[in-house]
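Presented below, as structure tokens, is a lone chain in the form predicted alone.
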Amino acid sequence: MSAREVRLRARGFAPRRLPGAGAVTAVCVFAAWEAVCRAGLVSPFALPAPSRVLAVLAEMALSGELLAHLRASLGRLAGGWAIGMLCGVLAGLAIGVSSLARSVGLPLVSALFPVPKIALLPLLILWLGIGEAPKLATIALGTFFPVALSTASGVDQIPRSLIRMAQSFDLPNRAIVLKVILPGALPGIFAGARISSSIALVLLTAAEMIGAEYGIGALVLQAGHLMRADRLLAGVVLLSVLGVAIGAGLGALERRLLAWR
């Protein structure tokens, strides 16, 4: 057996990008959905066809309602997620480099992580009032815990020999954190960002169902009250598109910042 044959077989389970696979899958799913609805196998009242959902989205876009819902949701999502990411990264770095922070913070974060954050929303409303603050706090809390744990795990994956080498050159602690620990923890930070973005979308929808006039969650809740399955599915489609867009953006940023790997 030649060396070339061995190299071709030993791929190491390296993932390959298949750009068209996701689009083809989505087209097949929507085509099957449309076919089932047009064949009359399901009631259009219970499950409208994709063409009807797209028509509702177009009507909402022309009336300006879609922009109002998107503006409200994106503002809340960006604010809460940014706060949670910043606090989570700082806490994760502290847990990763400080024995005291690890001894105190890690058990606390691990204990509070499984608590459903949406269950805290009534308490946050009691503390912060019915405005935007409890919604932002709910999203921030849901973002904070996975990011903190992923960042701390990313710090633990850094070879300690690199940190000791930086210390041997008398680099200040701040420079070691910024130039060695933070870049080395980026894979963990991005893993936490991906997980927390999905959690943030779920919490955003739930928070907007309580005391919000505009937002995708409010749209879904109003559609459910009115028994409008087409508008409800339009909200679900918007959430799916947001999730895909955020995931694609994080993937592109990760490939750019981690090109050295």
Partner chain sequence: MRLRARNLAHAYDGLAALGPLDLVVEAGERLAIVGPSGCGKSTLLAILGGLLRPSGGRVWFEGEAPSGSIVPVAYVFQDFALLPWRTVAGNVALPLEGRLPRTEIRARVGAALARTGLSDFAGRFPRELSGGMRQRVGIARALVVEPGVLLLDEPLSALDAQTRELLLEDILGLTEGATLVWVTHNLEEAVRVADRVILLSARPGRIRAEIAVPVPARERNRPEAVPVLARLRGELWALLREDARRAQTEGPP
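Numbering follows the first chain given and starts at 1. Only a predicted model underlies this, so the values are computations on that prediction, with no experimental measurement involved.
FYI, the form predicted together with its partner chain isn't displayed, but the following is about it.
- Residues of just one listed stretch (90 to 98, 163 to 171, 105 to 113, 70 to 78) have heavy atoms within 4.5 Å of its partner chain in the predicted bound form: 163 to 171.
- Its partner chain in the predicted bound form is not approached by residue 191, whose heavy atoms all lie more than 4.5 angstroms from it.
- When contacts are judged by a 4.5 Å heavy atom cut-off, residue 180 counts as touching its partner chain in the predicted bound form.
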